[in-house]
Each structure stands twice: as structure tokens, then as C-alpha cells.
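Two forms of a single protein chain come next, each set out by itself as C-alpha cells; they are called structure 1 and structure 2.
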Structure 1
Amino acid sequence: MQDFSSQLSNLITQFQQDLEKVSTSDNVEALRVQYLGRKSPFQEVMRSLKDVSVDQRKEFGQAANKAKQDIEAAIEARETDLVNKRFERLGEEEKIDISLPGEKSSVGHLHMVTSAIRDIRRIFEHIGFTQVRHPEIDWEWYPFEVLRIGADHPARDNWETFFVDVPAHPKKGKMVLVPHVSNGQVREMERGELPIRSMNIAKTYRRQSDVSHVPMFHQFEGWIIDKGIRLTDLKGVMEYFVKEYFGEDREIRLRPHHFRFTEPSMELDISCGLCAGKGCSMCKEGWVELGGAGMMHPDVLRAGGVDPEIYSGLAFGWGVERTVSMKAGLNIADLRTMYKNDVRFLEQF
């Protein structure tokens, strides 16, 4: 019994001496482990409690608990003391007032074109379009030749293409920055898997720069090739996209057009979001033009090794920047502002 009491008081005396010597918070922590940890003398003393007679065990147990609490309190006080001392040693400039309200750092967000690409991708994924990638720098073969736009064809001027200064391919011609993502049509068929229901969203380039044209822009082009694909499927896909992206109240109109690689070809108009189709200065009698579409020309299917007697295909390709700018309320007067990197403009969207 006497043993237990004296063991306890020796331990406390020893602890107090050790505590006086520590000079860093790390040392204080080490002392806590040394005195109260699993293999500490304190635990040993506690184990010896079982040798104390039953009637005294309660009293000693309480004494041991009190000693433990005292040790913990002393450790805490010492730690606070050390922190305060360190703070006092800091120069005036180093001191911080932790009660000051924090400064909010500005949080960035995705560029409007990037988030539009994500929205578009998600909308088409819902109806089973797989996202694919095809080269943004390609032989003329894919964006022109196989799409029935031969080297001398005047339609080739419409695309106002950038050429890359590398030796031409003997069969596939010069290397170009793709002026439209239709280069993916035959590339997609060349993969040799049917049916196809896929979409490529990529950068495209043309020698153009004015309020409605930027030299680098993005197009998304979707393709479905299967047995029995018809114009009504194309209309259904367009209607679905327009309602999902622009809103239920927007209407579509298919207007006859001409592309060398689709037959029939059309342009898709949507009712103007500013005047709700009534006609205003931003639209043509209530309609705004979204982009081209059509049924794949049999020659294009053949160029991709697909038999047009068995399969038919639809294709549509639109510009992301124009699509974004047509969202109700955006009314972006000059497409080029999207790429001027002026945060005052970009942070609004």
C-alpha cells in the first residue's frame, strides 16, 4: 500500500522536473507519451493497483486518476506557455491577428466555350452518341476529297483553309488545319464498325475574322449510320437537341441548302430567343441560323467502305461559339470577344 503511494508521488515529482526542462511543443508531446503512453511508468503503477487490498483500491484508484488529470493539465499549460513565448519572440511584422476576417480569394470558372462543350456532350450522350476524336490537322483527303469537294471545286474556297507547310501525301494531298470536323465522317467509317452513332467536338480553323467569325472555333458534328436511317431521324435529333440546350419554347425549321457531301442538305434554324420568333434586329424574321445538316451522300458512304444500298446515314455539324451566343439572353455582339481573355467579359458567363 505504502509502495503504491510512494511510487505515484515519485512519478509526479520526476514528471514535474522533466516538464521544466522541455523547450518545444514536440518535446511536450514526447513527454506525454513517455508518462502516459501504454508502456509508461504511469501504466506500470496502475497495473500494481491490483496488488493493493480491495478496501484501499478505491482510494488509490482515485488518487491515480487525479495524478493522471494533473499530468494532463500540466502538459497542456506548458504547451500554451511555449506557444505564447514563441509568439512574444516574433517581430512586430511577423505577428498575425488571427481574429481578422479572412480575405476571399477569387475563384475561377470554366470558359464559356468549355462549359458549352460539356453541356453539348452530355445532351448527346443521353441519346446514345459516343464521343470520338479525329485529327485537327489532317490530309486534305478527309475534309475535302472524300466529301466530293475536289481540288478545283469552287466550294473549296468557302472553307478558306490554312495549309501546313509539310510535304504532301502522294494520295491524300496537302496537310491542313481542318476547316470543319466533317473530316471525321470517312475516318469514322474506316474504323470498320457499324452501326455508328458518334460525335466529334474539336477545334476548326478558317481564314476569317469579323463579328460573327473567329479564325479558330469549335464544331460539334454528329453521325448516325445504320440500316433505315431517314430524314425524320435527323429532324428528331435536332429537335431534341434544340429543346434540351435552348429550352422547350424554341422551335426548329429546316431550310433547303447545299453541301457537297449530303443529299438532301439543309440548314437548321431555330426561333429567335430574343423576340420569341416575332422578328427583331438580331434575327431574320424570327429565325436564327444554327448550322448545316443532311443525309450522307452515297459517294461518301462508299468512300468509307459502307454500302449505300444497305446503309444510310445522317450528319449535322454546328459551331459551338455560335450555338453559345444564341442562348437566350446572351446576345454576344462580337464572337471574337470570347477569345480576348478579358475577365470582365468572361466572368459574366
Structure 2
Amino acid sequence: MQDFSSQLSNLITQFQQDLEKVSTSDNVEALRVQYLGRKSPFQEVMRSLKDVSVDQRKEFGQAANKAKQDIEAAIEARETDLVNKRFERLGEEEKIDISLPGEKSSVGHLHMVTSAIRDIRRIFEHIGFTQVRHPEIDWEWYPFEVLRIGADHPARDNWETFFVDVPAHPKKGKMVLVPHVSNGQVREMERGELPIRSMNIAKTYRRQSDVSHVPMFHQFEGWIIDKGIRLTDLKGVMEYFVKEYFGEDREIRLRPHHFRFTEPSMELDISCGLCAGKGCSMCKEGWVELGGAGMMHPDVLRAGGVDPEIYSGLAFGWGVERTVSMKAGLNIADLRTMYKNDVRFLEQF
């Protein structure tokens, strides 16, 4: 009996001395393992209970359990004390109120250009257009030759177009990064399915980089080929899109122009969203150019295997980035800003 009591008393005394030396939370945990672990002195004391008489075993067992509880309580109190002292040493700027709710993680969203592409596609799907895809790297035959843009045209110069360093095709010429999605016009006709009411939204590439141009940009183009298609149909489609995308208060203006693959050709202007068409530093006279349009040239129809005596067609297209910048209330002075990955800018849209 005396041996058991002495062992338990000595153990508690030694524990109290060691506890006073503890200075970190890691040391507290180590002390817990040292005195209460499977190979600890406490377990040795507990194993000696078998040598105590049956009459005294209950009393000593209760004393041992109380000693264990006291050790656990002392360890917990010491750990709490160390945490509080560390908190007191922290500067005011480092203190936190753990009762406050946590900050939510930031959630990304679609890029403004991606959202615009989806909006444009949805608008034209409502009037029967079907989205198609055509190569963004193509033989120059499709973006140039069949569109009446001859070999001597400035657009086919190295300073305007990105050429791909691969062997030229014997008929279709060199391979290029398409400068416009109009390469899909003849490709679509070559499928041999008429009538056509299609749209293509894809990346295009040009050797230009300034406030109104980026080397890689997205372009939208739509085509209708059917019997009896007229210029009034083109005007109606344009008015529908402008009012759906920009708002009912926006107006359009078709201005004569020249494109090699349409005749007649025109540029589409919309009333300025910043000044409501009154004239400002952005638009000068109240109108902003949106894109190009026109009736398909008979030679383009023939290149696609379509008889221009039976069918007629219209085409229209514009840069998606410029379209986004022209929405009411936006004033994006430099299109390159869209691709600078500046989170402060992107989070606004």
C-alpha cells in the first residue's frame, strides 16, 4: 500500500515540476504523452495495482483515477494559458475576433467577351439562325480568293495577315490565320444544303494592335441564302439585333461602302450610347460604326456552287470586342484592356 501511494505521489510531484517548465503548445502535447501515454509512468503505477490487496484496490483505484483527471485538467489549463499569453503578445493589427463570420472565397465569372458571344448567339437563334464552325486556320483560298480578294490585294500582304509556315496547297495556296470569319461563306455553301441561315463566331487574327484593334479578336458573321432575299431583309435583321442587344432606344444607319465580296455593300452604324446620338468625343457626330454588311456578290455564290439567277444572299459581321465596348454606359477607350488580365477591370463586368 505504501509503495503504491508513494509512486503516485512522486509521479504527481514530478509532473507538476515538468509542467512549470512548459512554454509552448507543442511541449504541452509532449508532456501529455509522457505522463499519460501507453508507456508512461502513470501506466506503470496503474499496473502495480495488481499487487495491492483486494480490500485496498478500490480505494487506490479511485485515487489513481483522480490523479489522472487532475493531470488532464492541469494540461488543458496550461495549454489555454499559453494561448492567451500568445494572443496578448500579438499587436492589435494581428488580433482576430474568432466569433466573426469568415470571408467568402471570391468566385470567378465569364469573361465579358464570352458573355457577349452567348448573348449574340441567343439573339440570332430566336430568328432561326444555326451556329456553325469553320477553320480558324485555313487555306487562303477561302478567306481571300473565292471572296474576290486577289493576290495583289493589300490584305494578303505579310504586314496585314499571319501566314503559317507550311507547304502551300497546289490550288488553295498558303495557309493563314483567318483575318475574318468570311472564310466560312463558301465552305457553308459547299455543303450543298439550301436554304442557309447560319452564323459563325470565331477567333480571327490581324497584324494590328492599337486602341481599337487587337491581334486576336472574335468576329461574328451571319449569312442568309435563299430565293428572293433582298436588301430590306438585311435592314430588318440588323434593326432586330441592335434593339435586342443594345436597347430599344438605339437606332441604325446603313452607309454605302465597298467590300469585294458583297454588292451592294454598306457599313452599319448605330446611334452612340454615350450621348444618345447627339454627338460626343467618342462618336463625333452621334453615330458609331458597328460592322459591315451587304448582299452576296454573284461570283461568291458561284464559287460555292449556288446559282445567283435563282438564289440571293446577304451577309453581315462585326468584331465582338468592339460590340461589347459600344453597349450603353460603357466607355472602354482601349480594346486591349480586355485582355490585360487586370482583375480590377474584369471584376466590373
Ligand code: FA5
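Think of the rigid core as the biggest set of C-alphas that the two forms share within 1.5 Å after superposition. All residue numbers here follow the sequence of structure 1, with the first residue given the number 1. Everything quoted here is computed from the prediction, not taken from an experiment.
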Structure number, where the criterion is the form predicted in complex with this ligand: 1
Cα displacement of Arg32 between structures 1 and 2 reaching 2 Å, rigid core superposed: yes
Rigid core superposition, Pro170 Cα moves 2 angstroms or more between structures 1 and 2: no
Core-aligned C-alpha movement of Pro154 between structures 1 and 2, 2 Å or more: yes
Cα shift between structures 1 and 2 at Phe42, which is computed once both forms share a superposed rigid core (Å): 40.7
